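Form predicted alone, single chain, as structure tokens, below.
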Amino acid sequence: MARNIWQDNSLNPPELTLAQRILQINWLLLILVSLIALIGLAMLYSAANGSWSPWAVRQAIRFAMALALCIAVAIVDIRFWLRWAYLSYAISMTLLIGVEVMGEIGMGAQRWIDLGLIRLQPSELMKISLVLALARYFHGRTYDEIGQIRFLLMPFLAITAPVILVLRQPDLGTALMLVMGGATIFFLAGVRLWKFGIVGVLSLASVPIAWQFLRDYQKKRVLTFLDPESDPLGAGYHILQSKIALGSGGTWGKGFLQGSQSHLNFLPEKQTDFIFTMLAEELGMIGGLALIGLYMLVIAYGFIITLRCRNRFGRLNACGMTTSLFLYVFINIAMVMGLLPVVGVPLPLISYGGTVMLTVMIGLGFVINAYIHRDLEIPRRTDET
């Protein structure tokens, strides 16, 4: 029987004390995140026509709780998260299956599950759990094993199963984020590029078949993306009004609380999916670029931490969580600018929503956790087959 070297303390440096972990927290990263959240609160205040109710005050409470949870995740020993990664995935899968059985329907989609105290969207939590599970799996594999297809079947199925469940809700945006986030972990783990090429060709070949399984409104979104003016008062209304608001903001914007498209209710979903459009209308191109700049600093921090981390689990985990944040930002901003179809992906820390806030802050907690334990070497489990 192979020896479990996780239990051999002589192979690992002494554990950091709680005080040392707290001192190691990247507080500058949390300050940048807090600045983004403050901008979000200002925009929600404006969306309610200069009122803290109903969105801004709830978002402030959620951020305070999520920030505390982020710090709690960060200061836990990284080996704890390594041990419990698969359990996290199992819980998220159970919740996703629960949505199929007793999920609540909202806006035509069955994506939420009522746990009493909170109304949870399990597909968002799966973004975290999937990264954790894949990071643990590839941490325990050698590069030679990763080069063999049989060792890639299990992580491939780990991605496919939740994607199928999420597509059934239906939630195309989240499904795409799960696929792209999982693909990022595969790439960083050392999977050969030619295998990505094969999957890409097969995916393109299956597009006509996948088109038949899309809901009517999803097909209409894609067709509207290609020609939004074909139905300006119907399916194309959202994106056309978004473009009008973006253009009317100009360089410096119309001024805080002065956005005509948003405050006259021409702009739909201004507190959630299209909140960046409202920001650009009121604060202009300069305000939009400033927000994007803050996001890029946070994302750059995440990738720098990835390069700095010495253990593979922390490295894959930090990069996966950072990639998830990047996908949120990129897809939402590209969506409201008409560069991508409208898929219902919110802008992290800005859009109103509790589960997304929780997901993003937990993900950032794991990034900081990797930073705190960046010099810790975690041996591969020799007893894992």
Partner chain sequence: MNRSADHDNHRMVTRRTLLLGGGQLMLFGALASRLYYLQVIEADKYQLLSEDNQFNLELLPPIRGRILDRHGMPLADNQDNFRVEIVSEQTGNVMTTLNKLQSIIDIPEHEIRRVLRDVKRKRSFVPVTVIENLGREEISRVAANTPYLPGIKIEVGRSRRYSFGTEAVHVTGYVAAVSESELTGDPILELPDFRIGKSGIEKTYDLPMRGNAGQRQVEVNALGRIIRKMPGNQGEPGADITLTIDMRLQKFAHNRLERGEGRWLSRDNRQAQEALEKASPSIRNQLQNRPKILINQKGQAVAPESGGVVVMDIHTGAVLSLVSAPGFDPNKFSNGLSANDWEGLLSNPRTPLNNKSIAGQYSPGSTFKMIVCLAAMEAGLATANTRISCTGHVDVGDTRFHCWHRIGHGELDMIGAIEQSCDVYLYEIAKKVGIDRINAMAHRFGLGEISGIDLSGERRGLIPSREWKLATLGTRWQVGETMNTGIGQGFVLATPLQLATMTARLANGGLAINPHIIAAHGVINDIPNMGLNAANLAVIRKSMRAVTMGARGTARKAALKIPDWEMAGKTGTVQVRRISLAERKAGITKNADRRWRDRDHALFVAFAPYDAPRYAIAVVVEHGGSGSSVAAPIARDVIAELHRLNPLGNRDQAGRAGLPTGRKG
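On a predicted model such as this, the values are computed, not experimentally measured, just so you know. Residue numbers count along the first chain shown, from 1.
Although it is not shown, the form predicted in complex with its partner chain is what the next lines describe.
Heavy atom contact within 4.5 Å of its partner chain in the predicted bound form, the stretch among 29 to 37, 46 to 54, 62 to 70, 338 to 346 | Among the candidates, contact is made by 338 to 346.
Of the options Phe256, Trp84, Phe156, Phe266, which one has a non-hydrogen atom that comes within 4.5 Å of its partner chain in the predicted bound form?
-> Flagged contact: Phe266.
Tell me, which of Tyr89, Tyr137, Tyr295, Tyr301 has a heavy atom within 4.5 angstroms of its partner chain in the predicted bound form?
-> The residue in contact is Tyr295.
Looking at the partner-bound form in the predicted bound form, is Ile350 within 4.5 Å of its partner chain by any heavy atom?
-> It does not: once its partner chain is placed as it appears in the predicted bound form, Ile350 has no heavy atom within 4.5 Å of it.
Do Leu165 and its partner chain share at least one heavy atom pair within 4.5 Å in the predicted bound form?
-> No, Leu165 sits far enough from its partner chain in the predicted bound form that none of its heavy atoms falls within 4.5 Å.
Classify Thr160 as contacting or not contacting its partner chain in the predicted bound form by the rule of any non-hydrogen atom within 4.5 angstroms, answering yes or no.
-> Because no heavy atom of Thr160 falls inside 4.5 Å of its partner chain in the predicted bound form, the answer is no.
Can you check whether Thr359 is within 4.5 Å of its partner chain in the predicted bound form, heavy atom basis?
-> Close contact is absent here: in the predicted bound form, Thr359 is far from its partner chain, nothing within 4.5 Å, heavy atoms only.
Quick one: in the predicted bound form, does every one of Leu193, Lys243 and Leu289 get a heavy atom within 4.5 Å of its partner chain?
-> Each of the three qualifies.
Interface residues of 323 to 362 toward its partner chain, as seen in the predicted bound form [heavy atoms, 4.5 Å] = Heavy-atom contacts within 4.5 Å come from Thr323, Phe326, Val329, Phe330, Ile333, Ala334, Met337, Gly338, Leu339.
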